[in-house]
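Listed next as structure tokens is one chain, alone, in the form predicted alone.
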Amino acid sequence: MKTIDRTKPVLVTGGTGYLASWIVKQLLDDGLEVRTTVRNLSQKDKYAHLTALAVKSKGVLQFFEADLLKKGSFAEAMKGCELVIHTASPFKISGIKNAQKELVEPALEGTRNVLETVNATDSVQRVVLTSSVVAIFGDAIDIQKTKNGIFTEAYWNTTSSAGHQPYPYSKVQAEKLAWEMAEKQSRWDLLVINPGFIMGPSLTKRTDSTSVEIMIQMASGKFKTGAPAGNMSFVDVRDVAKAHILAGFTPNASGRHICTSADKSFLELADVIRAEHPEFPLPKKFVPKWLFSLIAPLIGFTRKYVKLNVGFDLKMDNSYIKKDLGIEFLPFQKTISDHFNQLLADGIIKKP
């Protein structure tokens, strides 16, 4: 049990990210003192949105320069903090040339670097780590190995590697290392948030996230002939941010937390958009798996990925996070609607 002092600064690593920006915003709106790290302090345009948020909030925001792969670079930012929220980790699904270098090493060494600094910083009492549901499973077909056809926090991804599903592999390696390091000491405790597919409005106009890419592909008509079958586990970015903060400040909270709100298909996602914007060329049916497999390499998926993921329905048990953190999730319809409308308002998606 840890009671974190709300008057002490909170460190959020990698604050300019899609999720981290919402964590920073919610902490600032609560009137807290927030510290966040950026790779280069001179690139002010990268964190201008956070500076603007801080001005409008009740809180105080400070920026520090740090690099996941540079030992000791988080020390200054962490000084005097009781709570560290570690979100910084590379997220790439396609276009990967060297998975070990681009994904596994930064995730693993970044986590090691941050937690070694935690070990050396006496004030830190609690660490909240952003992991993922892909640390629980590697491919959707893994659902067939579960006891009741549903994933719980008891499961670990054992099927991914640097050669197959390197992003999930990077997440499971980083989370396992974090638990190992946490168990070797007794001053600070570790809580882990395992979000599903994060959607919802962004606080920036960045387009380099997978969730934005999916929305752009939907709007462009890429899936107009049909969407791949199979339910994904979705969650709103605002809820994931809230979960991290609740994990930080709930004294008795502990363990891993599957953070998902709805198991839905891409067709159901398209239906939400169509209800408000019928003018877009959205899919109305599922594409046969054999056909999707044929075109998969052209749209950035391997045939192995299609074989092990398309047509399998994911099912996630989110009862523990509701009980442990007392969180209630936003409806799926609101998440998708708010996200699509933000992309329209920012001119990232154009009306046909």
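Quick note: we count residues from 1 along the sequence shown, nothing fancier. As the structure is a computational prediction, the values presented were derived from the model and not from experiment.
Not on display, but discussed next: the form predicted together with a small molecule.
Q: Looking at 303 to 311, 323 to 331, 65 to 73, 50 to 58, which stretch has residues with any non-hydrogen atom within 4.5 Å of the small molecule in the model of the complex?
A: Result for this chain: 65 to 73.
Q: Only one of Pro168, Gly200, Pro228, Gly196 comes within 4.5 Å of the small molecule in the model of the complex by heavy atoms, so just point that one out.
A: When the small molecule is considered in the model of the complex, the option within 4.5 Å is Gly196.
Q: Heavy atom within 4.5 Å of the small molecule in the model of the complex: which of Gln173, Ser160, Thr250, Ser209?
A: The residue from Gln173, Ser160, Thr250, Ser209 that makes the contact is Ser209.
Q: Taking any heavy atom pair closer than or equal to 4.5 Å as contact, tell me whether Thr87 reaches the small molecule in the model of the complex.
A: Yes, Thr87 sits close enough to the small molecule in the model of the complex that at least one of its heavy atoms falls within 4.5 Å.
Q: Should Ser337 be counted as a contact of the small molecule in the model of the complex, where contact means heavy atoms within 4.5 Å?
A: Heavy-atom contact with the small molecule at 4.5 Å: absent for Ser337.
Q: Are any of the heavy atoms in Lys46 no more than 4.5 Å from a heavy atom of the small molecule in the model of the complex?
A: Judged by the heavy-atom cut-off of 4.5 Å, Lys46 is in contact with the small molecule in the model of the complex.
Q: At 4.5 Å between heavy atoms, is Val10 in contact with the small molecule in the model of the complex?
A: Heavy-atom contact with the small molecule at 4.5 Å: absent for Val10.
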